[in-house]
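Below you'll find only one chain, the form predicted on its own, shown as structure tokens.
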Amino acid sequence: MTEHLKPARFLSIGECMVEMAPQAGGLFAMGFAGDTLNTAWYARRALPPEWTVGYLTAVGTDRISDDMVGFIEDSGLDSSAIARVPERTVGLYLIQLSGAERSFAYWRDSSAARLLAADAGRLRAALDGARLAYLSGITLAILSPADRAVLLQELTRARAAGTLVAFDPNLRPRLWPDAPTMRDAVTRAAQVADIVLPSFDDEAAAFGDADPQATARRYAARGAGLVVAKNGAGEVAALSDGQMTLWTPPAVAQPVDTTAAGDSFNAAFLAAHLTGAGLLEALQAGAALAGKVIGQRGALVEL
């Protein structure tokens, strides 16, 4: 089946977690978020209503897992690719803010999402017919090496059948046993991706890239036809079919919380790209949404 005939279905793959977000008075509000879930949530709002946006993960069979699945469904996302794993539950993270910049503390060692790729048949069925499959470096990092290989194998199979694969390396060294393992896994994933959406600061630290253009060229050399090297408020380098475009997003007047800035950018960029926008228009859409998101607190904000 050729890509333009595929059903309008966006499938995001990864881990949703319980989010504890800081509020006034030293309190925290509980929600649900996670990099690939954030992108799916914003993609649902950015894509036309005829599109289906699904989320593939694994959760437990306990009350908090039920609440998470309910939240995913109430957000307009298809939950049919969510596996239930007895004796496991979901992970949790706490956001810590310093001005508008954030850091995180995580509790996820026994997360059910670590088993999201344990069943190759389930993965294959979920990917079958998807217009685009989206994953991140965090998706890879939480998996065992064997399950990581299964996921990449099934993405390769889906891509051969016409599914576009989009990948955000989202490098988080603390999730990996060592830097070489992280670099190798991310590079392998990039080799099965059509679209790669790295963040330059992370890439410079891990791979030694001198500038966003170097990041874009490195991933393009692995086979991606479209690479967008995000750079915070700085100049973005987008390499499409060998043509480099440099573009600086508009300044955001009052950033409040940069949580999900890249995730929301990815959602709006991919939604625009999938619905026929040109490269510059898609970049503008991504930056516009990210700018609105960082003007409020938390990963998922109503706009």
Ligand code: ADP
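Quick note: we count residues from 1 along the sequence shown, nothing fancier. Because the structure is predicted, anything quoted here is derived from the model rather than measured.
Keep in mind the form predicted in complex with ligand ADP is missing from the figure; the text below concerns it.
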property: Contact flag, residue 95 vs ligand ADP in the predicted complex, heavy atom cut 4.5 Å; result: no
property: Contact test in the predicted complex: residue 249 vs ligand ADP, heavy atoms, 4.5 Å; result: yes
property: Close approach of residue 255 to ligand ADP in the predicted complex, 4.5 Å, heavy atom; result: yes
property: 4.5 Å heavy atom contact, residue 21 to ligand ADP in the predicted complex; result: no
property: Interface stretch in the predicted complex with ligand ADP - options 232 to 240, 60 to 68, 40 to 48, 26 to 34, non-hydrogen atom within 4.5 Å; result: 232 to 240
property: Proximity to ligand ADP in the predicted complex, single hit among 17, 11, 294, 282 (heavy atom within 4.5 Å); result: 294
property: Stretch 265 to 292 - residues with a heavy atom within 4.5 Å of ligand ADP in the predicted complex; result: 265, 287, 290
